[in-house]
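Coming up is one lone chain in structure tokens, specifically the form predicted alone.
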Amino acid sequence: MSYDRSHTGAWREKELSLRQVMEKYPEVSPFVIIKTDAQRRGVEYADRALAAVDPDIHLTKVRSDYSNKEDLTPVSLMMRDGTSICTSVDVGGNTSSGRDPYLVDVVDGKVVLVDENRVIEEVSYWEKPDFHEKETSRGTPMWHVVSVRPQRLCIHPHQHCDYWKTPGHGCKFCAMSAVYHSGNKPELLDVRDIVESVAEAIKEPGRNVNIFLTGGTLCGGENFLDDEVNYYEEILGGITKLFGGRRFPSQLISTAFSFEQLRRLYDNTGLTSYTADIEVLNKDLFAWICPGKAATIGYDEWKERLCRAVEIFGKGNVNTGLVVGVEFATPNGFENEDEALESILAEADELSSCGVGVVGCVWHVSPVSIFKKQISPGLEYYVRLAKGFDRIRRKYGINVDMDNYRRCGNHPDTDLGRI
């Protein structure tokens, strides 16, 4: 199947519809397919849906490395099976990658997803945690420091990325630099603010199953990336003390650290799982799309560092994320979906053979990224690739509960692991 790159209003005629994909792949949960399509196309809110938002209950404010939002629209959505739909909140407005977004509306008293005047699925709004409106001892609003998903605390300590400070080194799909410069945000969060906010957040019983950290790359230090490692070690060390010095359910998404750097993080903190996102599984596309990563670490070394991380954290506790769909970006991307699937799944199999889980995020084309005029592939491609990732993880016995629907919610393919 060839990949249609055109931006036209007739996109529905050129790819399988949601219903057709669900009928063609009955073995895939409809919740997974709906979630994928909503993340791919985006959502907009009807007036009735906005009227149903209660800012005393629902999460409407978020500050992270990719978001700087303070209005009365919901941060995101949840479906009836507990699956999150991580809809994007863009600086410069939402985008649906050349396609109509889903409409969130109220029908018969229920908040629902609607497409072409047809109710697709009931949804609900994420609820805000108890700590959200409190302040740290320094007077910092805690929601500026720790954002949340339904069952996860999210910490974004470095809200810029050093790769963007070198012309031509930023990842072409990434909106981090634009988001940072759009608002009054510190580049680095204060460690005391982070630890105080987490201490307050974990007082709420039954709310959280995981603490997650990620941010932009910090290139400096005695050795390359030492500044980033030292910063995370200080933060994780402070949080570890809240748990009596023991290991606690946690995930770090960072640059691909050396074995020695990772060993130090693991030995000196309570961190339990590790992710280094390679973004795209193709050496040539990696060099084009992620030039900073390619210039400083390189594709082969990135994969080697992931495999060695398994020696420290263990199989099932190390993975790498892809921006699924970016492999079709023009002018250098794939033009045929079957060829893309074959190539990507072969490389995913290679990584998984050493115990690294491969997971995919649905590419949401940001209007403030270098790739803002690109278009993501059709829904069927995402479903086929999700099935492939799930099949490979089962082949090698890799359980990625570290990054599942409760701890993250951003990867439709990991939702298949529940079945």
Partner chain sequence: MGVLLSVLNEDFGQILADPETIAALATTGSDGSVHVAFKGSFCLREDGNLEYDEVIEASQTNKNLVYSIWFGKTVSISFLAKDHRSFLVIGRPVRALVSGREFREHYVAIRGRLGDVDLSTVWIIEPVSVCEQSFEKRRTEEENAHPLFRHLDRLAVSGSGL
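Residue numbers count along the first chain shown, from 1. Quick caveat, the model's predicted, so the values are computed rather than measured.
There is another form of the same protein, the form predicted together with its partner chain; it is not shown, and what comes next is about it.
The candidate stretches are 360 to 368, 347 to 355, 44 to 52, 31 to 39, and the one lying within 4.5 Å of its partner chain in the predicted complex by heavy atoms is 31 to 39. 80 is the sole member of 80, 192, 241, 283 with a non-hydrogen atom lying within 4.5 angstroms of its partner chain in the predicted complex. Here is the short version: of 167, 139, 206, 109, the single residue with a heavy atom within 4.5 Å of its partner chain in the predicted complex is 206. With a 4.5 Å cutoff on heavy atoms, residue 73 does not count as touching its partner chain in the predicted complex; it lies far away. By the criterion of a heavy atom within 4.5 Å, residue 159 is excluded from the residues contacting its partner chain in the predicted complex. By the criterion of a heavy atom within 4.5 Å, residue 150 is counted among the residues contacting its partner chain in the predicted complex. Although the partner is absent here, residue 187 is not a contact residue: none of its heavy atoms lies within 4.5 angstroms of its partner chain in the predicted complex. Although its partner chain is not shown here, in the predicted complex the stretch 391 to 419 places heavy atoms of 405, 406, 415, 416, 418, 419 within 4.5 Å of it, in sequence order.
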